[in-house]
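Encoded as structure tokens, the following chain is the form predicted on its own, with no partner shown.
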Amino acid sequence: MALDLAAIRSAHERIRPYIHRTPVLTSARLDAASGASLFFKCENFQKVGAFKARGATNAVFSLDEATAQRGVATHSSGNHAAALSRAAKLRGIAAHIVMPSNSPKVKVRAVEGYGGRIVFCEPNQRAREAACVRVIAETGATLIHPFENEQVMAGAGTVAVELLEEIPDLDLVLCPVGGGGVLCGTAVAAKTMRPGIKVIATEPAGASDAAESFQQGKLVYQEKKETIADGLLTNLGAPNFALIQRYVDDVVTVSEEAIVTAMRTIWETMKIVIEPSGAVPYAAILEDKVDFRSKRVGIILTGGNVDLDALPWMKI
């Protein structure tokens, strides 16, 4: 893919009227606990509650008029689904959304609220893809893939552009990885704007295909994944892996316990709501998985869509 900083900056101009420029927050308490200077890019405050608004909006508004009028389609566990539904509504076109049957209720309600037409499927990657193929055949809609689409990646990369415009002297950036869309955009933008920066991907140990792929130097498919971070259940995309090999310095994994602790710590300390997937980078700090001490660290909090009836620290 020809993803570069120019494409990301072009995406930023295209989506600017439709997104928030989200804040970068700090916490003296978390800095003291970690021995580093932490800068949290708060995409939990983004439209639809997640960074996905950026990529989906860029992809939808990049379509020519004839293509757009046939509608768009995707498969997603939630945030991309809501983001694509919103972007389609803004452009006045249909959005057909394939969602796993176990998708969080809060994310299903968000898709419905933006007018997305939902088709449920079995909760695995192959079922999602097969259902999406059927929907596209029936409707003529254009696939806007959650992470393998170049326009989606370019839109996601605007997160890092904003972060580095505000905090230009970062030593490293921590970013979650599922399919690899936001990681690719982040890595390309960060490495181009600040060549000496380190980009570290973080993912749950129970969904470790990116780490395994990175270590083995070939794309590894993981059939069964188990993690509370539902946004990271997808397998790494092939075009994403190629960019990750070129631009990402390392991929580390974290435990479920660390994800829950990270999520709760940020809720309690920073007084903001983040979802489990967004807590994964800070979990890498808690488990000492990266060289962060005495460094200036950017942490991308990717989203804040949480089922408040099923918080991970609640006792039944």
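Note that this is a predicted model, so its numbers are computed, not measured. Note that residue numbering begins at 1 and tracks the sequence as displayed.
The protein also exists as the form predicted together with another copy of the chain; that form is not presented, and the subsequent description refers to it.
- At least one heavy atom of residue 114 is located within 4.5 Å of another copy of the chain in the model of the complex.
- Among residues of the shown chain, residue 44 is one whose heavy atoms approach another copy of the chain to within 4.5 Å in the model of the complex.
- Residue 257 falls outside the set of residues with a heavy atom inside 4.5 Å of another copy of the chain in the model of the complex.
- In the model of the complex, another copy of the chain sits beyond 4.5 Å of every heavy atom of residue 70.
- Heavy atoms within 4.5 Å of another copy of the chain in the model of the complex are found in one stretch of 247-255, 283-291, 268-276, 58-66, which is 268-276.
- Against another copy of the chain in the model of the complex, the set 29, 49 and 304 is in full contact: each member has a heavy atom within 4.5 Å.
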